[in-house]
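Just the one chain here, laid out as C-alpha cells, in the form predicted on its own.
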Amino acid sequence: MKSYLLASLTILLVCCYVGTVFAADSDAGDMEMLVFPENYKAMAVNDGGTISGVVKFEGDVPEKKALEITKDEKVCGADEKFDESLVVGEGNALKNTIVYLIDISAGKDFDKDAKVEIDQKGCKFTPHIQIVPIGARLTMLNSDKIMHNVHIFSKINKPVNKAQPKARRKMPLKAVKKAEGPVEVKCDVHGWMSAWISYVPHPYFAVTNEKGEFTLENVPAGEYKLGYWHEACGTNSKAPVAVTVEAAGTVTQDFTLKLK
C-alpha cells in the first residue's frame, strides 16, 4: 500500500512539474511575432535607397529594475545589472527595437562574412537582440569562464538546450531553415539572463542602438510596409507604415512607441 501511495505521489509531482513547464512555455508563445514574406530572392541591387530613422519612447519612463544575482556572485555580481526589456536613453531614445521591411520579396543577399554571435559576459547576454540569417550558424560565446546554459525556446525550429561549460569559449549552433521570431533565449543556470533572437529570411532588419537609430541600406526602389517590434511596446504588424523608396533615394521614418 505504501509503495502504491509513493508511486502515485511521484506521478502527481511529475505531472505538476510538466504542467508548470508547459505554462511557462505558453507565456513565451503569447509574444507578438514578426511578419515574414512567403518567399525572398537574393539579387544584385542597383541604385538602392536607404530608410533610416529614430525610435523614441512616449510616456513616463519607469525606474530601471535591478536584477537579483543569486549565483556565481563573484563573476555575475561584479557590477549591477538591470532588466533590458525597456532601455530608454537620452532624449527618450528607445534601444533594442527591431525595424524591418515586412513585404519585401527580392533584394540584396546577407553579408556572408558577418559574424553572428551572442556573448555571455558578466552573466549577461550581449547583444540583447540578435538577428540571425536563415542558414547561418549562431555562435554562443562564454567570456565568463563559468558554467552557462543556452536555452532557445523555438516553436517552429528545433529548440536548443545546451550546457556551455567554462572551458568551451565558443559554441556554434546548428543553422535553422525556417523564419521565426523573436524567440526568447535564457540561461537555466542564471535565471535572470534573457535575450531574443530572430531567424530571418532577408537582411532588411535593423536593431536600434542607444540613440534609437536604425538604418536599412541598399533597398530596391519600390513601395514597402515598414514594421517594428519591441519587447515591451509591441508591434505595428497589423498597421505597418507605408514607405516609398526612390532609386538611390533616402527615406526618413521615425517612430514613437508606448508601453503596450
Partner chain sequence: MRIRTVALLIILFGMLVVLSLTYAQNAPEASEKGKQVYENSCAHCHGVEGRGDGSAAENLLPKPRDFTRGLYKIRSTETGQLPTDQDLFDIITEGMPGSSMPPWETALSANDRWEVTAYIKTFYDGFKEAETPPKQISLSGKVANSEQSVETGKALYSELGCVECHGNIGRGDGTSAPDLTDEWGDQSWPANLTQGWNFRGGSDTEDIFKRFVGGLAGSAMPAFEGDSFPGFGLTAEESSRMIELDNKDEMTEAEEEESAQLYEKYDAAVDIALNLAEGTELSAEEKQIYDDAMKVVYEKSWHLANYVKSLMPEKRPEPAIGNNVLRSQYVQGELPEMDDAAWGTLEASYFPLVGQVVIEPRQFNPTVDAVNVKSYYSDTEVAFLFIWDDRTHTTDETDEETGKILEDALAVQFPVKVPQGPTAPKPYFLWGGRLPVYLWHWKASAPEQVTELTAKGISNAEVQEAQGELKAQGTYTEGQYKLWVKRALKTDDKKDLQLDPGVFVPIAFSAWDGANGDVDTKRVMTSWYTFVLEPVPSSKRFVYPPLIALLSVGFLFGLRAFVQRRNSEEV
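The shown structure was predicted, so the numbers you read here are calculated from the model rather than taken from an experiment. Numbering follows the first chain given and starts at 1.
The next section is about a form of this same protein that is not shown, the form predicted together with the partner chain.
Contact annotation: F153 falls within 4.5 Å of the partner chain in the predicted bound form, judged by heavy atom distances. None of the heavy atoms of V87 is located within 4.5 Å of the partner chain in the predicted bound form. Within 4.5 Å of some heavy atom of the partner chain in the predicted bound form lies at least one heavy atom of T70. The shortest heavy atom separation between P165 and the partner chain in the predicted bound form is within 4.5 Å.
Note that among 231-239, 188-196, 208-216, 44-52, the stretch whose heavy atoms approach the partner chain to within 4.5 Å in the predicted bound form is 188-196.
Contact with the partner chain in the predicted bound form, judged by any heavy atom within 4.5 Å, is made by just one of S105, S143, N161, T126: N161. Residues from 81-100 do not approach the partner chain in the predicted bound form: none has a non-hydrogen atom within 4.5 Å of it.
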